[in-house]
Each structure stands twice: as C-alpha cells, then as structure tokens.
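One chain comes next, on its own, written out as structure tokens in the form predicted on its own.
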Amino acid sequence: MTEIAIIGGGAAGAAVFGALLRHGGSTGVHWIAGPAANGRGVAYATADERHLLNVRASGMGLYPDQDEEFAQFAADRRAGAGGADFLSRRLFGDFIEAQVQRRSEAARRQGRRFAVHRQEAVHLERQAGGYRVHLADGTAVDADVAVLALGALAQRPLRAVSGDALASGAYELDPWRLPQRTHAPRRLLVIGTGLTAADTLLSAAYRWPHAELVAVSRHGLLPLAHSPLPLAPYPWQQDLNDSLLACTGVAPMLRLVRTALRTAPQTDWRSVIDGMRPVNARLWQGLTLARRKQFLRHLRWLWEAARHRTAPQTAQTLQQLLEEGRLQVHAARVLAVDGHGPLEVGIRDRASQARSTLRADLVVQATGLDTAAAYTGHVLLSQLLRDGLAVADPLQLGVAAQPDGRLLDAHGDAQPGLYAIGSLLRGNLWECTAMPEIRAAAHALAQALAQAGRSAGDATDGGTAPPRRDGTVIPFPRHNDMAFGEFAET
C-alpha cells in the first residue's frame, strides 16, 4: 500500500491533494498543510479586492476538469452581475477552499483514506522504503512518497539594508503585513516594480490617500498590461516555437521573437509571448548553465514584465497615480538603507549613475518571489539541505531536480519518492509558479504516482493505514476528526 505525504498548505499543495484524491486509487494521502490548511497560501490569502489575478478567469482553476472551472464559480458567486475577465485573488482563494471541500467529501463517500494534518512539517528523514515526516507537535507521518509544495520562501532583507533599519520598524519585509500598520506614512518607498510591488502600491494608495508613493528597481519597469479582450493567436506560432526549440542560445531566441513581431505587425506582441508558454520549460532546459546566467543577467527583467502582466484595471490605476504625481518610479540600484525611522535610502540612477538619497517613513521590500534555497530560514528546507537530501540550484532558483520533479541529493542522484512542485522547481523548469502550470503538474504527478502504486500492487484496506516501520498501526482519522469546516466556502 502506497502512502503519500504532501507538505505545504498553499494552492500547489491543494492541487496535488485534490488530484490524488481523484486519481490516486487506494493510495493513502496525508496533506501536511499547517495551521491554515485552506490552500490559499500567500498568493490567495489577501483580503484586498484590488489585488487581481493576472490570468483571465477562463484560464484559472485548481484542477483541469471541465466541470470545475473558476469562471463558472465566479459567475455563480457574482449572482449574474457580470464583470471583468480578471477577478480578485481573494475570490480565487474562495474557489480553492470550495474545490478542496468538494473533493474531500467525494473521497470520504468513496471510502478513500486521507488525513489533513494542521501542524507544520519541521524535519524529514529517509527510512527503508520511504520517509518519516516529523511535525511541530512531536508526531510523525510515515510515507513512501513525499511531495514538497512549500510555495514562496520568506523574504530575506537585501544586503544593502542595515541592522538599524531592520530594527527601526520602518522597514517592512512582508508587503502583505501592510494592513496591520496603523500609522500613515507621508512617503512610502517600495523596493521593486513587479507584480508584488504593484499590489503593494495599490493597497497603499487606497489605505493612505495622502501618502507620496515611490518605487525603485534597477530598470524601473512596471509590469506590462494584459489586453482588455482576448487576442487572436499568432498564426505562425508553431513554426516559431519549433525554431526556438532548435536554438542553443538566448541571443538567437531573442532575434527570432523580434523577427516574428517585425514581420507580423498586425499581431499583438502579447499573442507571441503567450504562444510560447507551452514550450518555455523546454527552452529553459535546453540552455546550458552559462546561457541561463546570460538570460538572468540581461533579459530577465524584460521577460518578467512582458510575461507576467497585470490586469488592465491594475495598469490603469498605476498609470493614473503616475499622471497625478502621487507615484514616482526610479530606475536605480539601491545602495543602502539606513536610519532609525524615517529611513535614508541611497540609490544610484541607472541612466546617469548619479547618487542620491531618498527619505521615507516606511520602506517596503516587494522584490517578489525568493527562491534562494541555500540562504533560506525555512526550517524544513534548511534541514534537507544540511542533510544532503536536497541541494540548491546553482543559480539560486530553488532546488536541483530532474524534469519530473524528483529532487537530487548531494551526490547528484535522483531521490526515489521525493518530489517538489511549484516555485522550488524554478531552476529546473523556469515556468512553474503560475496556477495553469501548477495544476497541470499536479495532475501529471498524481497520475504518475497512482500508476506506480498500482504497479506495486496497491489494494484497498478499508480505511487503515499500513503499519509504521516500528510495527504499530495508525488508523486514519474519522471524518469528524478532520475538521472539514475549515474548507467551508466563505
């Protein structure tokens, strides 16, 4: 009998959990989701309705099944009021909870064996034939397969930030904690101009209508905007993708994309970029380490702005703030952040190389996804790295893994039964953090694990877990013990 432990309570964990409940046969499923255990994670836990999805509702979903589309859920919840393609992330969080509840209840009726653990995983060790996951309350879960769905790592302060600035209370590492601040700043400075920074600026502009807003990043480029209406696909996308896959370097790829845009002026550039999405992971995997470094150094900033675009409503609001003079955007490098509050932020202008100092009552670090596993303070991931069960990606884009998500150990060998999904695989897949990629990966992983379980001779045992390796038998919790109320629709 195969036992699978999913570690992580965000959307990626919820996607794997639900996929295994549907496709896992008689596999026993443990979702080690932590105290929240609702699948929202950081991305969909926001309560601010101004924080919008950057994927159209028709392209969102937790599972790839046609009968569980987010667009229909949103239409039902909005009671026929109609609305934009780009809906709130809070609403998608509601959808995740509803879908997890739905699959959990269906699995319970079918007699499936599963448990939701509301403790954090703090240690993972190899055992004969599998893994033991130690939880924060001192209990442990034994599993044949473990899937790391840890989501975004906690932000680390930039090296330019002094200890005094961190201790002052005027430097905020977590942009999502802004609602907890009661004092209105006269000037708020956001480090970063990506999607996280955009949401931070929107919240701050509404919460503190008289505050001056400043954003600083090396290139000073805010995310580009989605088109208000869906676009026609680029007619020769397949030919372009085939040519891109035949390239061995970043520069030839860029030339191909530029040529496609130049020779088809009637085609919106966004159609070409979106049409590359199915092959982006293969393009990345075809690059050598040196070529990947070249991309990160020279083109990452442009790719991120063009590929991860904002909803049209978000872009319009930011543009209005710029035109009103409430928002300034600087293309500059942050050299130092110091002081006891207000803080002094030293910058070097990208164009002129001139140095200057900006004074701010509140500085928010909104530099986006942190995937530098080697430097993380995450308890479980740090332990895996120390014990050689995982190794950091050489470019600090998560952990090293095979294309199927199996982690590599300190010797470079694939770990049997130890997988990752989502942001930890960015060094391996590059495109793996958006919900469309996550749900497809979760579905594929669940099917592969279910097939492996059937090949190993899985058989239903009527609701009891297999013996622990110390000989004791652990019954799975009854439905009433599993607190399904936390999955209720809100």
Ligand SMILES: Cc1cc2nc3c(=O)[nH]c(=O)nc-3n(C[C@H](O)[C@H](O)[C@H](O)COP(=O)(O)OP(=O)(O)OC[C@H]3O[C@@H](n4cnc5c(N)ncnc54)[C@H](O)[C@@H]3O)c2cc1C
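What you see is a predicted model, and the numbers here were worked out from it, not measured in a lab. Heads up: residue numbers just count along the shown sequence, starting at 1.
Heads up, the form predicted in complex with this ligand isn't pictured, but that's what we're talking about next.
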To test your reading of this chain, name the stretch in 328-336, 378-386, 234-242, 401-409 whose heavy atoms come within 4.5 Å of this ligand in the predicted bound form.
378-386
Pick from Leu201, Ala149, Ala390, Val364: which residue has any heavy atom within 4.5 angstroms of this ligand in the predicted bound form?
Ala149
Of the options Gln99, Thr196, Thr314, Ser217, which one has a non-hydrogen atom that comes within 4.5 Å of this ligand in the predicted bound form?
Thr196
Is Thr433 close enough to touch this ligand in the predicted bound form, meaning at least one heavy atom pair within 4.5 Å?
yes
Answer with yes or no whether Tyr63 is in contact with this ligand in the predicted bound form, where contact means some heavy atom within 4.5 Å.
no
Arg103 versus this ligand, in the predicted bound form: is there a non-hydrogen atom within 4.5 Å?
no
Contact of Glu120 with this ligand in the predicted bound form (heavy atom, 4.5 Å)
yes
